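Taking the form predicted on its own, here's one chain by itself in structure tokens.
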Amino acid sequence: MLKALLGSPRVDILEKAIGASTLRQKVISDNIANVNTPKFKKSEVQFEELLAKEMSQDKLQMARTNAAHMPMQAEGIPGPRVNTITQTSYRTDGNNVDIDTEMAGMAKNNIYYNAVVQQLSGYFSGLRSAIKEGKG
């Protein structure tokens, strides 16, 4: 039962979102660290688009009605992907890092991370409340 509560799709998605946000923070930090490196090309993390695409596809969900049935292989939630942007260049030395864009992205990522952690915390608070109420 604990596995069913902790392994819910909501927890899986929020866990992946936290991982994507953490990766995005590292990528943005790397971009900022290399703002003055000639020929450096910035990278971006792609997650939300992949998740939205996966969730928008109508897929028939298989249900396991008996524990003896073989589990179905779920395609799962997509993980974050790092893409290097090679087509642009903001300076004559070939570097394409715009410090203002990176700082705005870092602030946006911070807000996103806090929102996702708050959602996950709320989920577990709800579980804790349900467990406490059941002990009466």
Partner chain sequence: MQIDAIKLIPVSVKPVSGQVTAQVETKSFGAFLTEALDDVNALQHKAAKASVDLAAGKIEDISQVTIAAEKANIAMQLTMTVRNKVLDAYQEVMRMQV
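Positions refer to the first chain, counted from 1. The shown structure was predicted, so the numbers you read here are calculated from the model rather than taken from an experiment.
The following text describes the form predicted in complex with its partner chain, which does not appear among the structures shown.
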Per contact check vs its partner chain in the predicted bound form (non-hydrogen atom within 4.5 angstroms), the hit among 31-39, 82-90, 99-107, 44-52 is 44-52
Heavy atom of residue 23 within 4.5 Å of its partner chain in the predicted bound form = no
Does any heavy atom of residue 130 come within 4.5 Å of a heavy atom of its partner chain in the predicted bound form?
-> yes
Determine the residues of 8-44 with a heavy atom within 4.5 Å of its partner chain in the predicted bound form and present them in sequence order; the list may be empty.
-> 10, 13, 14, 17
